[in-house]
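In structure tokens, the next block holds one chain alone, the form predicted alone.
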């Protein structure tokens, strides 16, 4: 039985890695859609973006300019729902469902890219051979904010490092090269970018052979939960033993 259990555990680990590193396209298959149109994007921009960012992306009344935002930044902000902005000024943009459809996003991205120079939408490749260097890069550059397991955390001042557990590879790569919010820009070689994205994709479905991880938020909070559960169980045992003792005493 022990050998069977060990074999099954090994299969689960290997299966988890295989699922996490399946080389799927970073973007959904959408052959029926057209390339982004600057003309259509301009109309969408004037209707939904120009009030804050200005007619030509120069920024209005303290809102940030996007003249050199580039394709990658526009694509990231629109796909994660951070734009259009829905918070009070000065607050961190919140992640939410996209306000635009796929074709509209392509058109808006094309228009924003036409406003100046900026990073293009990156090409990312998931490569299992890069998992180990990706882990090292993630641990030294990303984990301090996003956590060792990519579950995010508070940064102070109302800022949040969002969980990466539901971030597809393209979104991770776009965030790395554009630095949204408090995140720095990572001007790395393509191989390092691929390695980090590969490791983040692995974290999205990494197995938990040690048991239930309560979301993988770390050994300290998980140990604290275990302590509280243990103390609650001990209190329940003491209570039940005490009741039994009282009944025995009354009967005597």
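Residue numbers count along the first chain shown, from 1. Note that the structure is predicted; figures quoted are calculated from it, not measured.
Beyond the structure shown, there is the form predicted in complex with ligand HEC, which is absent from this document and is the topic of what follows.
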Heavy atom of each of 69, 83 and 162 within 4.5 Å of ligand HEC in the model of the complex:
yes
Can any non-hydrogen atom of residue 131 be found within 4.5 angstroms of ligand HEC in the model of the complex?
no
So in the model of the complex, is ligand HEC close enough to residue 38 to count as touching (4.5 Å, heavy atoms)?
no
Taking the shortest heavy atom distance, is residue 136 within 4.5 Å of ligand HEC in the model of the complex?
no
So in the model of the complex, does any heavy atom of residue 180 sit within 4.5 Å of ligand HEC?
yes
Between 114, 92, 103, 125, only one gets a heavy atom within 4.5 angstroms of ligand HEC in the model of the complex; which residue is that?
92
Contacts from 173 to 190 to ligand HEC in the model of the complex (any heavy atom within 4.5 Å), listed N to C, are 175, 176, 180, 181, 182, 183, 184, 186, 188
